[in-house]
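Consider the single chain below, provided in structure tokens and representing the form predicted on its own.
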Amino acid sequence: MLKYIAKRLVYMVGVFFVVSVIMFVLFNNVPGDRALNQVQNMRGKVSNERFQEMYQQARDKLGLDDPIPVRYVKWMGNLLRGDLGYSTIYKKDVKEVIAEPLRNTILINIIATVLALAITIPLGIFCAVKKFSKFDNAVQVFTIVGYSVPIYIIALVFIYLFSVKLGIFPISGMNTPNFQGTGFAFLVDRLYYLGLPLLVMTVASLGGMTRYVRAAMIDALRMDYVRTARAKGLKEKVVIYSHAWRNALLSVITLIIGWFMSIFMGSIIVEQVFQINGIGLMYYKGLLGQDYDIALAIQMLYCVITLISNLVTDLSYGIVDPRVRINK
């Protein structure tokens, strides 16, 4: 086991550096002038000579006159020391800029993931056991619709229903304007504003996961060992949850772990629609404003999360099914 993990860690480090090279080269070859964007607001306020001096200082600070390999080595050296760079939009270190959005993203995605799994797993199992019943057919219709409709359409429909018509939830934002409360009162107000985005994210996740769990359980219930367990006189709940579900979990585990790992990645669409100060919206703003230190830092965070997710998934196979050997 330890030897396998060590090999995978070496592989992950290699992939990380390859991805970092590709991303760095791509971001640094995007059309545009980052230094000019940084000093553009001073044009007309100072003399042309002073403006050119400020522009050159910005280029020197960003290292834009150095060759790309030199800039990459400097950037990677800073990254390995924990220095994520400097935001040209927010005029602060990237580490300070993304701290709060990352916390917000983790909060909303943990709640949405737990809610979605708490609904989809029991619902998928029940639909598989009651296959082709009226309830199962009705669920399949709704899940097909939910799976087919883009999340921004679901968001717009829910905004119209719950905000415009019913007035239950606010349309956007993170807290009540000028809210002065702290502690529990602040948390309640934050969750109230996140209620509608959480509802949208949960509903959007139901279709695909429910159908996946149902299909995996139907395949498991057809296996010979399930018929043998029933022939031995075991209770149906034991057959379903102890025998069939554990086997079905092997194919579902990838999605479940992927969901939990995505709590750090955010949802660009949902955060943009509801103006949530999350990591996805921060990534979008960084790309739009050519703030590539922010964009690169978030992109490498995505890379690390994906690599860790793949490792955890492979290790989980051996835990769920002892027949799977992961020590080679």
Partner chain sequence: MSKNTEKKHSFSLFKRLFGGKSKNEEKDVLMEEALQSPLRTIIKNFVANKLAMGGLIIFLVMFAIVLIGPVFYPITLSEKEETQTNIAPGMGMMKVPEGLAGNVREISVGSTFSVGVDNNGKVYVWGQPKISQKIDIAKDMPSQKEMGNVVAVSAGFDHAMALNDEGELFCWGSDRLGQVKIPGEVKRKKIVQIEAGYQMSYILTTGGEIFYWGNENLNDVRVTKKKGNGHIAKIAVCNNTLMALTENGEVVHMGSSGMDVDKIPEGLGKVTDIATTSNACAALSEDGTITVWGQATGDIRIAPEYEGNVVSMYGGRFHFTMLTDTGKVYAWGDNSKKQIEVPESLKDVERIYGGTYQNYALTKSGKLVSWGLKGYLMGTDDLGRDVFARLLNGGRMTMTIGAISVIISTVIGVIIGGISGFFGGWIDIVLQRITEIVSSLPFLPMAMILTSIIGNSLSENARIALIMVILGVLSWTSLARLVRAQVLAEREKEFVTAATAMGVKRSAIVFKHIIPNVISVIIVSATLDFASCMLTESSLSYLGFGVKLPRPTWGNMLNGCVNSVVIQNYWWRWVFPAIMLSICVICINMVGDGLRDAIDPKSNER
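Take the two forms, superpose them, and find the largest set of C-alpha atoms that agree within 1.5 Å; that set is the rigid core. The shown structure was predicted, so the numbers you read here are calculated from the model rather than taken from an experiment. Positions refer to the first chain, counted from 1.
We do not show the form predicted together with its partner chain, though everything after this point is about it.
- Although the partner is absent here, Arg222 sits close enough that one of its heavy atoms falls within 4.5 Å of its partner chain in the model of the complex.
- Contact check for Phe184: every heavy atom lies farther than 4.5 Å from its partner chain in the model of the complex.
- Within this chain, Ile159 lines the site of its partner chain in the model of the complex, having a heavy atom no more than 4.5 Å away.
- Contact between Ala231 and its partner chain in the model of the complex is not found at the 4.5 Å heavy atom cutoff.
- Residues placing heavy atoms within 4.5 Å of its partner chain in the model of the complex fall in a single listed stretch, namely 126-134, out of 126-134, 104-112, 88-96, 188-196.
- Between its partner chain and the residues Tyr72, Phe179, Tyr152, Tyr241, the one pair within 4.5 Å by heavy atoms in the model of the complex involves Tyr152.
- The contact residue chosen from Ala118, Leu250, Met76, Ile218 relative to its partner chain in the model of the complex is Ile218, the criterion being a non-hydrogen atom within 4.5 angstroms.
- Here the marked residues Phe51, Met54 and Asn277 all miss its partner chain in the model of the complex; none has a heavy atom within 4.5 angstroms.
- Heavy atoms closer than or equal to 4.5 Å to its partner chain in the model of the complex belong, across 278-302, to the residues Tyr283, Tyr284, Leu287, Leu288, Gln290, Tyr292, Gln299, Tyr302, ordered by sequence position.
- Once the rigid core is used as the reference frame, the Cα position of Ser251 differs between this form and the one not shown by 2 Å or more.
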